[in-house]
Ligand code: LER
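For reference, the chain that follows is the form predicted on its own, supplied as structure tokens.
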């Protein structure tokens, strides 16, 4: 099981970006805890030193398995479904701007809230059509770069667009691109899926990244989710990618990240002991 945790490279309002602030200090701490990778939340690649980011992660022996793009919505309100064509164009170009760095470090690029939240009286069918159109363009660019995109179902309180894995799979099929997969997140799944395990089974062939947070968005072990069953099923369906923590920094980022990796490693240790 390869574990990562989310780190924001820039100041952000998003609360579940577990680490924010001093990059050098945070990356060193994450590596010291034993994580295998660091998932980077990057609002705008033009505002970060990508060479320095790649070097920093490599110096501490960390992979960069994924790049989160949601801060383009959270900080700038860029989305694929905005009523204004100019804003939609900026959102598409912003996502595409992540692809060169993602190709360089072997990261998945996440499509979260940049897909949009329908505004005003815009019908959901129209918003979905705009989202699919944008995803097709982004997936074509991703194919050219050899980068995988990951569409993440989010809960209804954040957006009505793509709440379940079934809905995500439908969008993936409509887009029809081999470089578009899905990203299950246990926090959102706990709200939207009838069964977390059944959702994972149905999406197994298209899972390209995986987020963990407990039922209350605290680190794994802080709520009521059955992570032993979830991780066992991930292995059973053949998922070999990263399990990445995107949880609230509670009681603080350092304690949250430490508690998460200890909890997940204890599950792995228990299962190895049982198998032995």
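Model, not experiment: these values are computed from the prediction. Positions refer to the first chain, counted from 1.
A second form of this protein, the form predicted together with L-Erythrulose, is not displayed here; the remarks below concern that form.
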{"query": "Proximity to L-Erythrulose in the predicted bound form, single hit among 130, 113, 171, 105 (heavy atom within 4.5 Å)", "finding": "113"}
{"query": "The single option of 154, 109, 138, 78 touching L-Erythrulose in the predicted bound form, heavy atom within 4.5 Å", "finding": "154"}
{"query": "Option from 85-93, 182-190, 160-168, 130-138 whose residues, in the predicted bound form, bring a heavy atom within 4.5 Å of L-Erythrulose", "finding": "182-190"}
{"query": "Interface membership of residue 43, L-Erythrulose in the predicted bound form, 4.5 Å heavy atom rule", "finding": "no"}
{"query": "Residues in 221-249 with any heavy atom within 4.5 Å of L-Erythrulose in the predicted bound form", "finding": "246"}
